[in-house]
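Only one chain is given next, in structure tokens, and it is the form predicted alone.
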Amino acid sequence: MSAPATTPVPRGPLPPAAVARLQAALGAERVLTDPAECLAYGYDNSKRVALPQAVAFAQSHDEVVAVVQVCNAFALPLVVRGRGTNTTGATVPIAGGVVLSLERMNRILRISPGDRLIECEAGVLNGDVQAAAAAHGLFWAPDPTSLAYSTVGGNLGCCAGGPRAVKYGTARDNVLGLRAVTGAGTSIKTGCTTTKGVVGYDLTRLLVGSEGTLGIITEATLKLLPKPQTTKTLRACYADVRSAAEAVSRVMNQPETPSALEFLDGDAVQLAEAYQPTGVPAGVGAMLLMEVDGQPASIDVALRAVVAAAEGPGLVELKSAANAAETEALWACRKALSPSLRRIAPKKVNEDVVVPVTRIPELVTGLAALSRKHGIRIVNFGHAGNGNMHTNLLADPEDPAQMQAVQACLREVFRLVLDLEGTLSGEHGVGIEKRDFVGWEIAADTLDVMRALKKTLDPRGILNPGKALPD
């Protein structure tokens, strides 16, 4: 696996003419060149660091165009950035150059409740979109854990999902159109303001998930959905992971789709329970957290259907929340996971692999075997309703033998996922972390088509170089 610098490596300054043109477009106060000031924009939640040579702050689509045109003229690497919450190194400027921050492009431009859409700039926080939509009884489907801090542009860049994706889809399913700038500095507008539209090629879905390698998204028209009037929450505990995985298949193979279906293996349950006790029975081997939503008149029908599917071999306890406080208590175990993992291992390799729902039992069995084979603790939890598993390999980065075992184990994890007809990333994206494995999943001739698309939209290869596609 390739790795960029983990400590900031100084590079020479940008050409003075390039700095002058950036300052003329944005104003001197919105162009940083001091390494000490640029450092904060050289890392993201992957904990990787590389020092940019400059940081530019755009406040409008036209200013983004100007920045791209300067970088294109001088062949400067250009990395677009929201708030840096991604975990794959997608916003780390490994080639130096310019980081373009869109954090100041944070305006909601228009909301049309009757058309169920909202138009906003790329730097708007997901949580701010949710608040604006909620005022009209609506919501935007993507709900990543980072929604209070991550931007719409970032969510679209990696095609974020979250627990609700099992019923309502990911970012790609909930965007109507985009305004963007190609690597050549050309403005494009994709999609439309209607939920139906087949005129021209679907450039919207092409840009979503492209991690800023094909174009810079500056504005988005998002599809909103009506907020459910009521929600019911269930917690099902099982004797072992296979029983829970088989229950997932049963739940997803009946007509009432839950609005969330989260899986925690035995290690995850025990770690979370030790961090914050929530009354989970002792010795539980796996747990499912499920929600159903809808109208008051029909919610009980949906709840009974999900309960019936959850019941089966290996069930230890099935508990339903009677009120908001009990709902919060049932979810507490899931929310305690990330801090509990940080307590037991200084290094967490967090993958977001996906397999078909019917193959989840094989996945969890295979992961347990790999854990034993390599002597690496693997903790699994995630959005089981659509087969999206967050597989966490825990290790001590100060132990070279352990880190070597992690890399060997990770390669076998990816092979297992692909053998089960799965994919290497469901919502985190590729970035740096998975780039060298993309060729395992995508055939060479298909990769050639993707590279040709990259060349068309980014002829000088300035946009986020070294990300998403293997060399």
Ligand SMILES: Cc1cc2nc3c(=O)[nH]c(=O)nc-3n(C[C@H](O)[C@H](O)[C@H](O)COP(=O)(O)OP(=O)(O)OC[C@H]3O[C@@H](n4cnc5c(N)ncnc54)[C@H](O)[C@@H]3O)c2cc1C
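A residue's number is simply how far along the shown sequence it sits, counting from 1. All values derive from a computational prediction rather than experimental measurement.
What comes next is about the form predicted in complex with the named molecule, which is not displayed.
Enquirer: Within 4.5 Å, heavy atoms only, one stretch in 229-237, 142-150, 265-273, 244-252 touches the named molecule in the predicted bound form. Which?
Expert: Heavy-atom contact with the partner occurs in 142-150.
Enquirer: Could you tell me if Glu291 has a non-hydrogen atom within 4.5 Å of the named molecule in the predicted bound form?
Expert: No, Glu291 sits far enough from the named molecule in the predicted bound form that none of its heavy atoms falls within 4.5 Å.
Enquirer: Is Cys158 close enough to the named molecule in the predicted bound form to count, meaning some heavy atom within 4.5 Å?
Expert: Looking in the predicted bound form, residue contacts with the named molecule include Cys158, since a heavy atom lies within 4.5 Å.
Enquirer: When the contact criterion is heavy atoms within 4.5 Å, does Thr85 count as touching the named molecule in the predicted bound form?
Expert: Thr85: yes, in contact with the named molecule in the predicted bound form.
Enquirer: If you check in the predicted bound form, is Glu351 within 4.5 Å of the named molecule, heavy atoms only?
Expert: Heavy-atom contact with the named molecule at 4.5 Å: absent for Glu351.
Enquirer: Taking the named molecule in the predicted bound form as the reference, which of Val175, Ala122, Leu393, Ala133 has a non-hydrogen atom within 4.5 Å?
Expert: Of Val175, Ala122, Leu393, Ala133, the residue with a heavy atom within 4.5 Å of the named molecule in the predicted bound form is Ala122.
Enquirer: So which of Ala286, Ala384, Val98, Ile217 reaches within 4.5 angstroms of the named molecule in the predicted bound form, heavy atom to heavy atom?
Expert: Looking at Ala286, Ala384, Val98, Ile217 one by one, just Ile217 meets the 4.5 Å heavy-atom criterion.
Enquirer: Across 42-72, which residues bring a heavy atom to within 4.5 Å of the named molecule in the predicted bound form?
Expert: The stretch 42-72, when checked against the named molecule in the predicted bound form, contributes only Asn45 at the 4.5 Å heavy-atom cut-off.
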